[in-house]
Structures are given as structure tokens and as C-alpha cells.
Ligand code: SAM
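The chain that follows stands alone, in the form predicted on its own, written as C-alpha cells.
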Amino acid sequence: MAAGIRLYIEGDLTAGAPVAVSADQAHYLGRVMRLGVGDAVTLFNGRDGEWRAAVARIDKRAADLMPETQMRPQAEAPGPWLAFAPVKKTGTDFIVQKATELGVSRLIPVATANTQTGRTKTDRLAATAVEAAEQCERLSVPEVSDMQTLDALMGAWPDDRRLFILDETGGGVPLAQALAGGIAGATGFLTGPEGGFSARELDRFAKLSFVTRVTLGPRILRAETAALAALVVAQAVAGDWK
């Protein structure tokens, strides 16, 4: 059984090789959770699986943890990418947290013509993704990219990664229908801002060979709801929920 406290660390995990945690993690373990030497912690780093470890040393600002037994090997299938137009702070945090729980492998904030939030703090979003991965027992943490323009995203998007764009105008194929035959190869999703994509952006999408425009039905969904609804449909129809 996994220990109740689960931490993501950057270092390698090998039986008998102690790993140091950050000052914030040491404070959390010692001051918040009141752990002492010998207490159990679960560790993962996205490469070496999940390990049961014990506290070897701890004080106010530092702690060493000793990996003892590998509990799960690293065997997590790569998930889709999610590119999204950021919304207000709490909404963006919600997208990052829940998308991490739903298995995305990369999160890409995108500035579109109607995006109302001009910038994002990559470090804060990455910390949110780490916390979500710790809580949902993922073996990896999604990569969080710096915010980029839609033009930059489209220009750098890999031709072999199918991109499903949520078209709020209703001009796309129903997402469940588009995914009914399964997902062959790498995929990604792009969700727009609260004001939707501009006519110019929609025209550009139509000219890109790797794009499939999809719809989530007749209801008008909030931007954060649409992003997560798309991931839920993908997991249920063609993802690891099957």
C-alpha cells in the first residue's frame, strides 16, 4: 500500500541511495505533516517508477529520504497534449489541475486573438501540475510550456500529431464521432478563450492538414469546462479508461 504522503522529486530513485528534498518539501514533511526519522513517504520522479521511502534525516530546512522498495515500475502511456487559452487565474489553475488528473502529457498556454489573460506564470502552473500528480497517483508530471502565440503554436506543431480543435461555432465533427475509430498515434487538443476563436483563426485552421475541428454539442460551455469535457470524452471513447 502506498504511503499517505506522496512527493515528486527531481533526483534519481534507487534502493539505498538517499535523496534530498527541497526546503519547501522539508518544511511540509517536518512542520506540516510532523514526520520524523523512519516515517514512510512515497516518491516518484517520472522516470524510475514509484518508491516507498523512509525519512533518514529531517530538520527545519532539509530532509533526506531513503528509497527502499519500488512499488510500481514506470509504465505510463503518453497522454495527449492540451493547448488552451488561459482564463482568469483560478480557472487556469483548474484546467491545469484537472488536465493533469486526466492524463495529459503537455500543457501549453496559448494567446489567441480573444484571450483576455495576457500572461501566465509558468512556475506556478508547473507547481500546480506537480501537486495534482502527487494527489492522483500519476507516475509522471506533464510538461508545462511557456505561454506562446497561436501563430507560434501552429507553426511549430508536429505534422504527425493530430490536433483536435474545439470549434464553438458548431462547424466541427462531434468529438465522440471523430474519436470513434480510436486514436492512431500522437494527439492534442486546442481550446479557445471565453470569446471564442476569431474568423481569421478559424480560416487558418481549415488550411492545416493536421487539424480536425470538433464540437462538443449545442451547449455553450465555459472555456475551462470545454477543455476538460474534451479530455473526458477522449479518455472514455479512445483513451485508457477503456
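Quick note: we count residues from 1 along the sequence shown, nothing fancier. The structure presented is a predicted model; accordingly, all values stated were derived computationally and were not measured.
One more form of this protein, predicted in complex with the ligand, exists but is not displayed; see below.
Can you tell me which of 57-65, 211-219, 27-35, 40-48 lies within 4.5 Å of the ligand in the model of the complex, counting heavy atoms only?
Contact-bearing stretch, as computed: 211-219.
Could you work out which of 166, 133, 144, 111 is the residue within 4.5 angstroms of the ligand in the model of the complex, going by heavy atoms?
The option sitting close enough to the partner is 166.
With the cut-off set at 4.5 Å between non-hydrogen atoms, does residue 9 touch the ligand in the model of the complex?
It does not: once the ligand is placed as it appears in the model of the complex, residue 9 has no heavy atom within 4.5 Å of it.
How about residue 188: is it within 4.5 Å of the ligand in the model of the complex, going by heavy atoms?
So residue 188 does not count as contacting the ligand.
Determine whether any heavy atom of residue 223 comes within 4.5 Å of a heavy atom of the ligand in the model of the complex, and answer yes or no.
Taking the distances in the model of the complex, the answer for residue 223 is yes, it comes within 4.5 Å of the ligand.
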